[in-house]
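One chain comes next, on its own, written out as structure tokens in the form predicted on its own.
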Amino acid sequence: MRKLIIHTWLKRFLLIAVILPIALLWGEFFTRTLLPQNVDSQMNIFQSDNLIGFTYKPYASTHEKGREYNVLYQINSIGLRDREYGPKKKGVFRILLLGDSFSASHGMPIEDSLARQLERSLQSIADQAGVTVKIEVINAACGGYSPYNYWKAYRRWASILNPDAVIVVLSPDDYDSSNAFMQYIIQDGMILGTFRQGQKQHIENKISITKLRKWLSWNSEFYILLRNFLYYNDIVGHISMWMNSKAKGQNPQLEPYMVPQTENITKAWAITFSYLQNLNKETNKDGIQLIIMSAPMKLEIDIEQLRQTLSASGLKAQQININQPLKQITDFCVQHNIPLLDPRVALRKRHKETPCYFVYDGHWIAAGLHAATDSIALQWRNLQLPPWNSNVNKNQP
């Protein structure tokens, strides 16, 4: 009897071993023929950095591909996703932009990025007012950075680029600075492991699985089709969010908004604000204006997105305060006399007319960036922040 069972299972295993490769090959052929997909590009554009943790590699170039975008990622000679910059010329007012993927403008071409749009919005106001100044906004942001990295990135680039002002783009999920003082082991643009000073360098155990997933994403259109369905399908997404909320006790996306606030988030914000306080001390010492811009998450602007997120999490509306992270950021800025710029009103108004965020992504698209930067530029001028209060505008009426 036992031999019969073993024989039966062996036959099933051999049948699966024969059928599965054929099914996968047929799926790949079917996808490439009838439902062609954009495979991921190899984002081999990162390198380790002893000060910040990691940066872009100078002169790296690739295309970032997704369901809603296919854009060029071109890195300049010093490791920024931006054009080239030489020594600052007379009459130029330089702004150093620090942030994560929101600021680096994930999914957007560089000419439509936050840096370029803010530069154009500020320059337009200056030109209309007759202020003789050339404004440059330098994009020193990088996807995956936290406020700890913003602080360290300032130290990396300030002496090289000589900025007159620094703007930090801070979003509600910036409470997490758990990567502080991390060093990264990076190979072919992929993070193989992390360690802190004094710790032994090691490669993560799951790297073989990660490598397989990466290889499939670079080579298999069938894999991309399945991944996109599972990742972007509303039903699957709701199930995934529901399972996450049950497993962790709350939905991570909503955790910063929950009332009462969890001890984990309160402690995390305190650590994050300590790094921003360090940045504030250094910019003050250098005589450079620090400005914080609060970037709202999609669920703060899109009512339907908030409704869906609440529904999937099982939380009720009264269990969250959508303005809670903004209030914490505002309180910090008031305490340390840091100007705070907030584009929420403009974004909500514009989003009613046209989408400001990707459909399947939480990042801004061109319309959102344009609405945000126009609003921020006006607030910047109305608060009489540099260059409006500097010598360049003495002749302004």
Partner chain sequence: MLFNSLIFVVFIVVVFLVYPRLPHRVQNIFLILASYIFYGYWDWRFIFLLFALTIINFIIGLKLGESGKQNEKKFLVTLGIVSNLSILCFFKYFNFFVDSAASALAVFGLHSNIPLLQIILPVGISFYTFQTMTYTIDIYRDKLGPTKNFIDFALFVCFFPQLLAGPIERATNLLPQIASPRQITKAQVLSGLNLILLGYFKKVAIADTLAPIADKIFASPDLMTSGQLWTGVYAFTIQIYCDFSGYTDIARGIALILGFRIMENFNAPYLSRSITEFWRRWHISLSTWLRDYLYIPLGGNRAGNIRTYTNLIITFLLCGLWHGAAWTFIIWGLTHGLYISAHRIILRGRKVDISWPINYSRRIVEFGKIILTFHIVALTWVLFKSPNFTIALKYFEGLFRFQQFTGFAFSIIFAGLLVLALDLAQTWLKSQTWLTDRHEHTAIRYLVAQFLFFSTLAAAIAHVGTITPFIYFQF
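Here the rigid core means the biggest group of C-alpha atoms that line up within 1.5 Å when the two forms are laid on top of each other. Remember, predicted model here, so these are calculated numbers, not experimental data. Positions refer to the first chain, counted from 1.
The same protein also exists as the form predicted in complex with the partner chain; that form is not shown, yet it is the one meant from here on.
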Of F222, W157, Y175, Y257, the only residue with a heavy atom within 4.5 Å of the partner chain in the predicted complex is F222
- With the partner left out of view, is T33 within 4.5 angstroms of the partner chain in the predicted complex by any non-hydrogen atom? yes
Within a 4.5 Å heavy atom cut-off, is L10 in contact with the partner chain in the predicted complex?
-> no
* L24, heavy atom within 4.5 angstroms of the partner chain in the predicted complex -> yes
Exercise for review: Would you check, heavy atoms only and a 4.5 Å threshold, whether F181 touches the partner chain in the predicted complex?
Suggested key: no
The stretch from 24-32, 365-373, 339-347, 46-54 that lies within 4.5 Å of the partner chain in the predicted complex, judged by heavy atoms, is 24-32
**Asked** L383: with the rigid core matched between the shown form and the other one, does its Cα shift 2 Å or more?
**Response** no
